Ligand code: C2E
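Only one chain is shown below, in structure tokens, and it's the form predicted alone.
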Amino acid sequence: MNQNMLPNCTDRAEFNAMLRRHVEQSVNTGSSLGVMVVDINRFRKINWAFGYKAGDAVLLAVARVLTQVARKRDLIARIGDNQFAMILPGLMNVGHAVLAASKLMRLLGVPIQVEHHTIRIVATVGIAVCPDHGNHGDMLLLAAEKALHRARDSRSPYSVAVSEREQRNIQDTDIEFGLQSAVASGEMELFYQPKVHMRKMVPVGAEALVRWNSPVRGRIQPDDFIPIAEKCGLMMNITQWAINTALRESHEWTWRWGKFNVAVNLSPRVLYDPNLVDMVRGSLAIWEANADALILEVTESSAMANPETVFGVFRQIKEMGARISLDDFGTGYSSLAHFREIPANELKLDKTFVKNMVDSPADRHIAKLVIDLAHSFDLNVVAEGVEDVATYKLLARLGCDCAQGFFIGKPMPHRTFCAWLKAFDGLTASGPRLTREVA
């Protein structure tokens, strides 16, 4: 159909240029601007059933209705075979655009006659408003098109775009509901990242890292669900599952190098839970595990937020034989006055100092200070983020006790970790030497 046959209607290229200018003006003036994308449903079927003349008549009818809905300053464009778009400058709010969509639906409710055929036009509308849903022309149009698809999926006549904050809230709520049954449904899994003794160059343990295999969302990373689990009070359940799973699975590990340990992270909320100590004691009893095989990792910032309370928890955990590791050391705000009182067994040198220490004298100096300080208080030191042989050798020369990082091994599922342990045959310049391939 000839574009010029559509009343008050421009083409897509001109529409995009106009939209960018209007959005820029809206942002500069602090005013609102709306975009509506209108999709004619079953348009291809109309062409097939009644012919292209009927299809042209439908397009013309929709264009005419849009001109009736539009104000003088609004701009209409046909942006696809069966799609139109409208710019609505100077909106009072989103409701103003919704009123325009409602009027459009009402006017389209009147069937049109094409020769001897009566055709009922059905359309779907997506709405987006600047600045709520985007502050660039392309971004705003994309938001309106996403709203259109959401309306179509829900079989609604129209839908308003969702802001980034609203989208995050929806995603967070979705994750929260999924988490409530994730542990009981067997969706949680532990990955293990190996740690090696730097002088002996043999594995001495692993850090257990929680992964969530959601049947709906796929594998979800801890950074996406742990904060939500903290907020909705589910972190204790996840931690209890992680400790029990780590103790159970570690029974299957190869112990040919001597004592082995598994480390489980404690979040700030769990650290202050009054049931934590009893939960740890109960888990050790259930699996008849040697208490010193369990390490509980706590970030420096969490420990130092309330030293008096946290150190009391540490002492109770140490009394039962389990061990405490202070994670991310060097990035928090501990003082020497508190440091000398920390009832911990281990410090983990944060990877921010490790990753550049070969080329950075300052980072190298910090690493040396932390290692010497820890050793003066009889604390073991584990370096995180060791990713190459040069860093490994430098840390060994500085007296670091253990290393963890991609040079040693990435986090891996339990079965793969068991195979990795059985195949381990020393360290080389390229990482672990394995006697056979590990899947």
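We number the residues from 1 along the sequence you see. Nothing here was measured: the structure is a model prediction, and the numbers come from that model.
Below: the form predicted together with this ligand, not depicted.
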Heavy atoms, 4.5 Å, this ligand in the predicted bound form: which of 80-88, 281-289, 265-273, 365-373 makes the cut? Say which one. 265-273
Heavy atom to heavy atom, is D56 within 4.5 Å of this ligand in the predicted bound form? no
Tell me, yes or no, whether R150 is in contact with this ligand in the predicted bound form, where a contact means a heavy atom of each within 4.5 Å. no
I127 within 4.5 Å of this ligand in the predicted bound form, heavy atoms: no
Quick check on L33: any heavy atom within 4.5 Å of this ligand in the predicted bound form? no
Taking this ligand in the predicted bound form as the reference, which of P157, P222, P307, G321 has a non-hydrogen atom within 4.5 Å? P222
Which residue, K351, H338, H136, K146, is the contact with this ligand in the predicted bound form, using a 4.5 Å heavy atom cutoff? K351
What residues in 179-212 sit within 4.5 Å of this ligand in the predicted bound form, counting heavy atoms only? Q193, E207, A208, L209, V210, R211
